[in-house]
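Here you get one chain, nothing else, as structure tokens; it is the form predicted on its own.
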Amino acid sequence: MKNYLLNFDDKLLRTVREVGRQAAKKKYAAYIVGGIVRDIILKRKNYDLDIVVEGDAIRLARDLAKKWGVKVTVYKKFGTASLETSKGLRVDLATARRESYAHPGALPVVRPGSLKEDLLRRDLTVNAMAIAIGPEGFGRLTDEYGGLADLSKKAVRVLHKNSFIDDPTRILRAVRFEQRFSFKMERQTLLLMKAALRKGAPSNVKPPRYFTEFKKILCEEDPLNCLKRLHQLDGLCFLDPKLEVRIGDVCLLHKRIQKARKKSLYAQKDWWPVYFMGLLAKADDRVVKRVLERFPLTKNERRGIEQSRQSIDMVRSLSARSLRASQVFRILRPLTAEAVLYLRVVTSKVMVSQRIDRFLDRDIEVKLRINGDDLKAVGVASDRRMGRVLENILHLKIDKKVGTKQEELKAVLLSLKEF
């Protein structure tokens, strides 16, 4: 018997052995399941520790939490629990379940079941394997549905013909995994996906749930191939039936994002909203309004998307020849961080790019040494007037016309004559 945990990450190994031992004491069988099994076989790092128990997972989680001296979060309705080890490792435990769907796209009704039934619930065969973590059979692979063979063939395959109908979000997951691993959709799976899309299966899922899965695509290290694949399959229509995505423009945006990310200033930025802005860039205002109303975006994300719609005018303003740093600051400061990023990659003008770089790298961090108390000391009583004076001095500092606190105070006295 091959032990698939021989080269397992040491940080995780101690934890899974302990969970396996505690489960065995209760005569439960415990298994690592899901994406982490796939990644163990592919020799990729993955710290999402999902464990299925043929037994009472909540009871086991509570015992482990007591033993480790940590808190446990219980989801009784689903027979699951989560806890975090003292070393910051999150462990999710679930009672083995089987599921059924009241109607296409509905959330599944789950009941206790066997490991085999639990694996059948999964989206793809490559994500439907398990590794035993109990003392007996530790490291043994359970592969009921051919996941190991599909991994070796680099094939993406669903477990049954109703998979995309039961849960249309699997369309997005199948595309995401196909492109992330450079796999290929198995022929029958591709036919089933195309049929589900023709029938409008995504419309059977509540928009927030479908968008949450779509956002995972936009958060991929390289989402472009996923977007191209979905566009090829007409899988972006869920955003709005009237939305015409110009994939060539998205490709150009992606190329510029990748170039920007090579700079340390942009390496750790959150780029998914920028890709989303790119998808909506040429859409009609009414389409964008429907998208913003339909999907679960924060107020700030909506504002950023609306601001990105003005990118042509803002780039034109930022292109003026004699533009002081403080004037660039006035243009960019009202924008959300994501809208600024969008401007940075949507422009082909080097001067505009440089001005945005300076804003993000230096000017946005400029702080005054003086404050409201200093203004009161020289006779500025009105809060509104204080704000105008401080803003004026900040602009002077951004333009490097003042530096020390004394210079700022001197500038205040001069500013008072203007207001």
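Don't overthink the numbering: it's just position in the shown sequence, from 1. Predicted model only: the values in this text are computed from it and were never measured.
As for the form predicted together with ligand ATP, it is not shown, yet the points below apply to it.
Problem - residue 391, heavy atom within 4.5 angstroms of ligand ATP in the model of the complex - result: No, residue 391 sits far enough from ligand ATP in the model of the complex that none of its heavy atoms falls within 4.5 Å.
Practice task
Answer for residue 48 alone: is it within 4.5 Å of ligand ATP in the model of the complex, judged on heavy atom distances?
Solution key: Flag for residue 48 set to yes.
Handout entry: ligand ATP contact in the model of the complex: residue 35, any heavy atom under 4.5 Å
Key = Contact check for residue 35: yes, within 4.5 Å of ligand ATP in the model of the complex.
Practice task
Determine whether any heavy atom of residue 39 comes within 4.5 Å of a heavy atom of ligand ATP in the model of the complex, and answer yes or no.
Solution key: Result yes; residue 39 sits at the interface with ligand ATP in the model of the complex.
Exercise for the section: Please pick, from 256, 216, 269, 294, the one residue with any non-hydrogen atom lying within 4.5 angstroms of ligand ATP in the model of the complex. Expected result: Flagged contact: 216.
Exercise for the section: Would you kindly say which of 121, 228, 116, 261 lies with a heavy atom within 4.5 Å of ligand ATP in the model of the complex? Expected result: Going through each option in turn, the one that passes is 121.
Problem - Triplet 169, 173 and 176 all within 4.5 Å of ligand ATP in the model of the complex via a heavy atom - result: Yes: 169, 173 and 176 each sit within 4.5 Å of ligand ATP in the model of the complex.
Problem - Segment that reaches ligand ATP in the model of the complex - one of 233-241, 123-131, 196-204, 270-278, heavy atoms within 4.5 Å - result: Looking at the partner contacts, the answer comes out as 123-131.
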